[in-house]
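Next up: just one chain, as structure tokens, the form predicted alone.
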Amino acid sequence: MAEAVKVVDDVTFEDLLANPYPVFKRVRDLGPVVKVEAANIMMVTRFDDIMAIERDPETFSSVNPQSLLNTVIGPNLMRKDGADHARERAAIDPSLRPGVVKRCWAEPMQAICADVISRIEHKGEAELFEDLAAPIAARALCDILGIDGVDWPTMVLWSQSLIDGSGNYSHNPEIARKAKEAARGVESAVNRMLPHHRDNPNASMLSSMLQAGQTTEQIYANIKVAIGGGLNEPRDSILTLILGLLQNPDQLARIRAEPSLWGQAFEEAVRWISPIGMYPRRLTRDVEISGTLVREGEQVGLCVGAANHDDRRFSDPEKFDVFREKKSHLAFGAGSHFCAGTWVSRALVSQIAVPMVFERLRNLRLKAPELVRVRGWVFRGPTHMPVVWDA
């Protein structure tokens, strides 16, 4: 007989933001699906269960008309499945393929990283979130989207406002106002750029969407999705990889001696602290998940950040270990919704930005380990990371 969903009601939201991994382990050991009251969602935290769910999009649907993501951003490819999702995904994929990343985006990303680092390298110290990772990620995203005339702080503000608005389950009016303001700003920037991209087809995402015949509403919505998720993921990955290597100098020394290991180091970083840690699915029928019954219409949160710490799959999952046994992770999701920006992030973080940081900022080290802050559970990454180096 199927079990009912168990409930955890003695965890606070602050517990999740500060360090979700003890909560995830408790939930994972308690059952395949567990309602965590503080997050107001039923969590799926085991690696194998999430993989099985992602193989069955008919039962576990991305479609949710009541989703805050649709409310804030508009109907978008993240909340679509099947042919509707495939069409919108096909409109953006040409800009993000590995060959296009290498041919069109690697050189501009190299120039952006060099410029950002040149602004700080003479100082001997910096706060890497604000001084390095945010401007690199935001400027690179502007290029790939095909948006000119928007400075990086504005992109960062838009991204955070859209993310906050999409998770505004407490219906905070100020969060909603900022999200609407960001949405209007994005639409204005898109409107300004569309004539140029119509007249000058190119590799940018805006141009690709126009060439695919997407409507203005589809373009608006999916550019907002890209700004919401496509900025924080590489930003947080840059910081996470640097943090993991600074805390493990023996691993850093080996990678610097063998540059072919940079890609392996990146995959371990996003497993260790997954920048996007949870996304929802809605059930289209009653179903058992590893023996626990979940009813039609309910929503479950696929906690990929928890699955990437599943000790049934990864030994010592809390440890950053570039040389651990090679196994696939879920930091970029799975199935048809596998992250479209994966190849951009891999190139920017592991081939360009982080190797350049360690090459140009000599003897880079944490200013003080206790000053480093890592926050979040749906989106998680270092939020404050002061460092020093030999200028």
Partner chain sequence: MPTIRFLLAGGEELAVEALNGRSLMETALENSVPGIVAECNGSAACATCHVVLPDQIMSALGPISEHENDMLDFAEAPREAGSRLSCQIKVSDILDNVAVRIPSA
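A quick note: this is a predicted structure, and the numbers were derived from the prediction, not measured. Numbering follows the first chain given and starts at 1.
FYI, the form predicted together with its partner chain isn't displayed, but the following is about it.
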Next item on the list: Work out which of the listed stretches, 352-360, 321-329, 66-74, 26-34, brings a heavy atom within 4.5 angstroms of its partner chain in the model of the complex.
Entry: 321-329
Check: Just to confirm, K102 within 4.5 Å of its partner chain in the model of the complex by heavy atoms?
Finding: yes
Check: If you check in the model of the complex, is T59 within 4.5 Å of its partner chain, heavy atoms only?
Finding: no
Note to self: With a cut-off of 4.5 Å between heavy atoms, is E54 one of the residues that contacts its partner chain in the model of the complex?
What the structure shows: yes
Checklist line | 4.5 angstroms heavy atom contact with its partner chain in the model of the complex for A334 | finding: yes
Item checked: Site check R89, D93 and R97: each within 4.5 Å of its partner chain in the model of the complex by heavy atom -> yes
